[in-house]
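Next up is one chain by itself, shown in structure tokens, the form predicted on its own.
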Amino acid sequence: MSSSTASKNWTARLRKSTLESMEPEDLLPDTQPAYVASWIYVFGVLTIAALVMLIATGLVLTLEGPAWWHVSSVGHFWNSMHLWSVELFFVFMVVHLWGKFWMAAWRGKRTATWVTGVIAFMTSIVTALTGYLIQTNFDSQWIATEAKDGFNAMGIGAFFNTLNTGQAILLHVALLPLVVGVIVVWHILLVRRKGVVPPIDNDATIEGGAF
């Protein structure tokens, strides 16, 4: 295969734009700039940790169906773990988002990193909504009926019926977590490729700042 033909191959272009553009030192660095020791850089990792925990606890909740945890002490435990994982996930993500906003994290050709983070946040909100819809209790019924009016007003009620519990379960368990996971992985790869954004008053070209 000629080089011109290979350049038109989508797999070759994808490999060149991902794997071939990233060194092993970028994917698994053993040093970081000194400014990463600041607490504001911790919340990104905490968000990922909370995401892993909520996915794990969510998988446990799916083992016995969508309502078993209402009548099981074990189910109450895992449901509580899932709830607090979600709460911490959003707390950490919001702090991370605002921290990077005030740091102007899109500097240094990091626009794609910023955009994928924002998309991950917005997708997580929709995922959380579907989680509220599948609680199979009065809260979920109330939220579903109120949300249905809002979606109908926006003209998308025919595509996303909040009163359809089966549809909400499919979205919450199968589709949306996959979407969030892919975006988060993409976001992490961009961070590794471009590096963490330095503070505004810090020149990233200054050497001797690794720890």
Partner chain sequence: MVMKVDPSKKWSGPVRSYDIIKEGVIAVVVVALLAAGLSLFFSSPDEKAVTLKSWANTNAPDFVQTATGELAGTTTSAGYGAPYNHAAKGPTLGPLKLQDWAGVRIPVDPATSFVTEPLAIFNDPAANDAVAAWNAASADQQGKWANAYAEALGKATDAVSVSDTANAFGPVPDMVSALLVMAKTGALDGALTTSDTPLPTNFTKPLLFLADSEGYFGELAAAQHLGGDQWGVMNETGSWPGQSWLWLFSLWYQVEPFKSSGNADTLVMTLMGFLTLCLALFPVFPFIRKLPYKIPIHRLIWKKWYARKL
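Just so it is clear, the structure is predicted and the values come from calculations on it, not from any experiment. Positions refer to the first chain, counted from 1.
The protein also exists as the form predicted together with its partner chain; that form is not presented, and the subsequent description refers to it.
Can you tell me if Leu171 lies within 4.5 angstroms of its partner chain in the predicted complex, counting non-hydrogen atoms only?
The answer is no: Leu171 has no heavy atom within 4.5 Å of its partner chain.
Taking 4.5 angstroms as the cut-off for heavy atoms, does Ala50 touch its partner chain in the predicted complex?
Ala50 belongs to the contact set for its partner chain.
Applying a 4.5 Å heavy atom distance criterion, does Asp149 contact its partner chain in the predicted complex?
Yes, Asp149 is a contact residue.
Mark Leu14 yes when one of its heavy atoms lies within 4.5 Å of a heavy atom of its partner chain in the predicted complex, and no otherwise.
Flag for Leu14 set to no.
Using a 4.5 Å heavy atom cutoff, which residues in 95-116 contact its partner chain in the predicted complex? It's fine if the answer is none.
Those in contact are Leu97, Gly99, Phe101, Trp102, Met103, Ala104, Trp106, Arg107, Gly108, Lys109, Arg110, Thr111, Trp114, Val115.
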